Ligand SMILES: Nc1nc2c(ncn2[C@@H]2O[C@H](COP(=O)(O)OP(=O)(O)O)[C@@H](O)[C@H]2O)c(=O)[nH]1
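As structure tokens, one chain now follows by itself in the form predicted on its own.
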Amino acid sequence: MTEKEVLQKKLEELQKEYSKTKHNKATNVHLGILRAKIASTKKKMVERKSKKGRGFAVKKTGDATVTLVGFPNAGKSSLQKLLTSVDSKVADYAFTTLDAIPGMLRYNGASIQIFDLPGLIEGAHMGKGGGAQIASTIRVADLLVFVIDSGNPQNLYTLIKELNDLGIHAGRRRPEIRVERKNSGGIVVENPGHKVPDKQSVAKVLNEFGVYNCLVHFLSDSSEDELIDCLAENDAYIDALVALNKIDVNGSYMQVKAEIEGVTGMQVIPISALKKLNIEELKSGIFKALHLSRIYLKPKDKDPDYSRPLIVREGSTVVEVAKKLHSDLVKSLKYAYVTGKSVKFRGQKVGKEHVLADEDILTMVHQNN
């Protein structure tokens, strides 16, 4: 039996078991496990199929990577051209983009790589329209920008479902669950005031994964499905926002914006790629959603270099900045002087683990200084 036949047989057995299982409180956990196994098997089938076709060779560059996600003809190529000046083919019909096209957005001193991908279609999670190749590129992104026709907002919910079926959760934070395996002692649940499944349900999920002794730390509100995702360890959680396109032809776009924000919790930025409306607002939204910080380096007895900020992740420490500059600097780093939002006064002396804020001015002191 070939690998394809083995996977197909396994999928059919799982789907048959799922359809025969009654949906009630007692079977919720088992059904959740079955859903996870079905999704995992489908993913393997799609990945196997995609290996025979042409994939997208993606190399991450710059300070962060963004992918534009949408249905064919949503306006992704036109938008990428406005954001990055990439001269990709643009036409008013579907399937213009047939490959992963990179471009670079320069904003606030940051170099933000933006990919225009072929449009996803319904059934992408089963490999239709090159769904597996597209998903593999989406997974490397730091941020997803859904490009949605304001006249067809339901497309967003279809895209979110397709990505969920591919193991990609857009606009959702990874549940803060830590499973510390033990050799004995059974299952112990630590829940400091968060809304989580009861201990019996937690134990059932863990037992399904062959875990009988562990300490489970719930550090945020979590569901059974999220515990399953955590144990399966194959899902991606990526920040996302929505570029609501073609507002020049839809006078009720503000109602659509309010609905999407209410349902998904994602930020919605109305734009028109054709009329070049609100493009600067979108650039600003992308920068903020990436949680980037600008750090201005100030050599001792010299002025800060405001023209070339160092771009780091929000919440970076002094030692992490040193590491980004050069690994050797970490070894010799003693302390630093900081002026900005993260300190109480100008030129405050801080330790290596001090957390920096956006637009802080930093002077590092090394052992040989």
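So that there is no doubt, residue numbering starts at 1 and follows the sequence shown. Quantities reported herein were computed from a predicted structural model and do not represent experimental measurements.
One more form of this protein exists, namely the form predicted in complex with the ligand; it is left out here, but the text below deals with it.
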property	result
Proximity of Phe115 to the ligand in the predicted bound form, heavy atoms at 4.5 Å	no
Touches the ligand in the predicted bound form: Phe146 (any heavy atom, 4.5 Å)	no
Residue contact check: Asn278 to the ligand in the predicted bound form, 4.5 Å heavy atom	no
4.5 angstroms heavy atom contact with the ligand in the predicted bound form for Lys283	no
Triplet Gly75, Asp248 and Ala273 all within 4.5 Å of the ligand in the predicted bound form via a heavy atom	yes
In the predicted bound form, segment of 66 to 74, 298 to 306, 332 to 340, 316 to 324 with a heavy atom within 4.5 Å of the ligand	66 to 74
